[in-house]
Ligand code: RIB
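Presented as structure tokens, the chain that follows is alone, the form predicted alone.
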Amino acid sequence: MAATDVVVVGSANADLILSVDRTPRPGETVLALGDACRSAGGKGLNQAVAAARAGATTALVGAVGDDDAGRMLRAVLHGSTVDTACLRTADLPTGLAVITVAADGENSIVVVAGANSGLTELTDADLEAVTRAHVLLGQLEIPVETFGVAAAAARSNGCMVLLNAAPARELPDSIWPLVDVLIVNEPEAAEIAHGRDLLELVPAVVTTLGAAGARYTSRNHDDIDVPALRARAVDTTGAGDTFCGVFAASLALDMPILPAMQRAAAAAAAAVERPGAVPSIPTRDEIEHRLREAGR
């Protein structure tokens, strides 16, 4: 098996997207604007597609169901050159995300894990893919223990481990020593920190700040702030995943932290200007064009 730049161990969902004037309040019913839209999604799939479109050879370790949604996700991954040799078919329905997108581009998401919950162990082929990667990228829409097994295998073979701790949840102490870079937004950082300094847990943290950009902090005190690029927000779905995937791809391609952060920020800015998760993820050429326009 050939070495891969990025291996993502994570979720794959079918997204059901509903456009609304505003997100409903508790107990309130609102009417959708137009028809529902179905597309590929899931944090793992989104991040894998983003890494591949950014120029990294990429594989996804995950699970889908034996259903139309699973076949749609496989087709999207193939179309984005993501290796699906380790994408198994589980005896469960493909994961589902129901997403409401308000007129200002903000979204609310409810996820049904489905086949993702069945990713409870890794095969020898999965572990071989992980150990041959330059960067392992994980999230928390799959069982935490599965990410832990992948991260331990990666670290034992000198692979850099990135964890996007989303959705935020309690993590066992055994996970932290396996993570090289933690990627979180501000609410996620507050939820998982429990008053602790995150740099006591991991060597480096990337905090995404929405319209304010992103910040890199590390135990070495080589902190970096990257402003966001100007963007007209249409749909923020998948923008954080785009950032993570492009950041992972850039590190796997041996870029220093600053240009890796700048590429990821440029990709995220491009992503919010189009609807949907996977449809909004930019290509490498689009990212470079965005950077040139911003003078970076």
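Since we're looking at a predicted model, the values are computed, not measured. Residue indices: 1-based, along the sequence shown.
Same protein, other form: the form predicted in complex with this ligand, not shown, and the subject of what follows.
- Heavy atoms within 4.5 Å of this ligand in the predicted bound form are found in exactly one of 144 to 152, 105 to 113, 214 to 222, 129 to 137, that being 105 to 113.
- Of the residues given (181, 159, 99, 119), 99 alone sits with a heavy atom within 4.5 Å of this ligand in the predicted bound form.
- When this ligand is considered in the predicted bound form, residue 250 lies well away from it, no heavy atom lying within 4.5 Å.
- Within this chain, residue 238 lines the site of this ligand in the predicted bound form, having a heavy atom no more than 4.5 Å away.
- The closest non-hydrogen atom of residue 58 lies beyond 4.5 Å of this ligand in the predicted bound form.
- Using a 4.5 angstroms threshold between heavy atoms, residue 42 counts as touching this ligand in the predicted bound form.
- Interface residues of 4 to 18, taken as those with a heavy atom within 4.5 Å of this ligand in the predicted bound form (partner not displayed): 13, 15, in sequence order.
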